[in-house]
Ligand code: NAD
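A single chain comes next, written as structure tokens; it is the form predicted alone.
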Amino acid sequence: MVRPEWRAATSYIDGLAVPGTASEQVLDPATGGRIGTVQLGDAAMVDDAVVAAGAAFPSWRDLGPSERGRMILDATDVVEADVGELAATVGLEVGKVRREAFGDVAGALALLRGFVGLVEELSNGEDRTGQPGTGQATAVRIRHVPVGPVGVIGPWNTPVFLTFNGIAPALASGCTVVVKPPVEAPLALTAVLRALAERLPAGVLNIVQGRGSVVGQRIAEHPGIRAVMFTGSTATGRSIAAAGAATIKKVALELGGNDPAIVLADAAITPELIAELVAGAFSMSGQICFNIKRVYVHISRRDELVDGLRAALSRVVVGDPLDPASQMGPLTTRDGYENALRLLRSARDAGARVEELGVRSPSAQWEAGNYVRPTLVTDVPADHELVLDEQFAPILPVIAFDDEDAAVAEANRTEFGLASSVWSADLAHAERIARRIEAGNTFVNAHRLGASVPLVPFGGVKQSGVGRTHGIHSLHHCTEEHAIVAFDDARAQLPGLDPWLETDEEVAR
């Protein structure tokens, strides 16, 4: 059950709860029932939050990494006690099974702790020295200084972890934050944010609930926001990029993906490989930006791979996300559910073989919930919408190839380029293929949550985003380099200065 105090997600600005101008229901995707409300804010509330963040910024920045880190860690420890209940809340509002929901919340707390430690390394700066009388600077100090108030706009599919993927580096580096939770899944995230904000100085962490077209747009265009971190759809990312351009702010966009997996002829089709592909494609009911969205397999291995996937997917238990036996829950939104059904109808009409698999658990309310069983699609045209667009559902098209160059060309055919993978027993061969794939990340013999190493830059190319996050790369987005260059004697160090120092008499001669 959701705690009563978590059932109403409100805004929180400058240390105070702020009621919304309207409210909207938060629905359980497994039953369609109401589990809470979100009080929607407006552009004026964003303005108030930015003013508060701007006023709090100098003192938060000047605390230094050690004192900021202590405050963040103390607040994180308080949230830790509620991880189990928060995870249950995520499960209800998003439809995640227990292990996925727990990872969403616990992972966010790990991000806070990790960035507190990492920022110490960044804050030390870099010193370079030259030699007096050589024309070089005698002292150079390169500092990384926080940019100022940062706007973070979170997604509904992994609301706590992915929102804190922006909040954690911003707070740790000395920035203040204005965050917009997703209206589809605001409850657990808002509870975590409130617990932290109440234990930090007023104005350091501000929450504005609301629609992206209103609140998100105002955050992106506001001149007082110096950087934006967004995870979500490509269409929304374009709007944020355009809004941010007017004030030349830093923008990091992690957008949609249509991630290809290429299984080469020399890949060993083992139970472990099948399990990896299933986890990579069907985790969180297919609603992860860098899930596997399409598989290209060498024609000599097609039947073996399809048979393995069919057998594995036939055992997946689909049911109520709070049921410990469930391995996959419902889709989060009704729109996503309707789109998945539309894609499956279209694929059938195009002559594809569509196999809806999995075990229907009696714990699920099948008529009321947004349930789509894990589905394998074969013999689908290579130019079908299911292949070329991001389905964001538990549907996996498998396409055979007989030429590696053609497989790479098909992998690169879309305007998406978030992640990708190559599967082979020959790592050198796999890397040669990987180098030709247009994506921000290419994995070899893996492609799922956990494959993206935290300290490795993560982000997309083409329509899948701009900028990189994770580790030090997130901290760089929240800071600016400031170089202090010192000379011990201007005339001795700078060539070409003499004409500016000539006396009138010297000029006359």
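Since the model is a prediction, treat every value here as computed from it, not as a measurement. Note that residue numbering begins at 1 and tracks the sequence as displayed.
Another form exists, predicted in complex with the ligand; not displayed. Remarks below refer to it.
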query: Even though the ligand is not shown here, does L162 get within 4.5 Å of it in the model of the complex, heavy atoms only?
result: yes
message: Taking the ligand as it sits in the model of the complex, is S346 near enough to touch it, meaning that at least one heavy atom pair lies within 4.5 angstroms?
response: no
- request: Look up in the model of the complex whether E254 has a non-hydrogen atom within 4.5 angstroms of the ligand, and give yes or no.
  value: yes
query: Is F401 one of the residues lying within 4.5 Å of the ligand in the model of the complex, judged by heavy atom distances?
result: no
- request: Tell me, please, which stretch of 215-223, 105-113, 306-314, 393-401 lies within 4.5 angstroms of the ligand in the model of the complex when heavy atoms are compared?
  value: 215-223
message: Just to confirm, with a 4.5 Å cut-off on non-hydrogen atoms, which of T89, S173, T231, S421 contacts the ligand in the model of the complex?
response: T231
task: Let me know the one among S239, T247, N412, N339 whose heavy atoms come within 4.5 Å of the ligand in the model of the complex, would you?
output: S239
query: Can you tell me which residues in 175-206 come within 4.5 angstroms of the ligand in the model of the complex, by heavy atoms?
result: K180, P181, P182
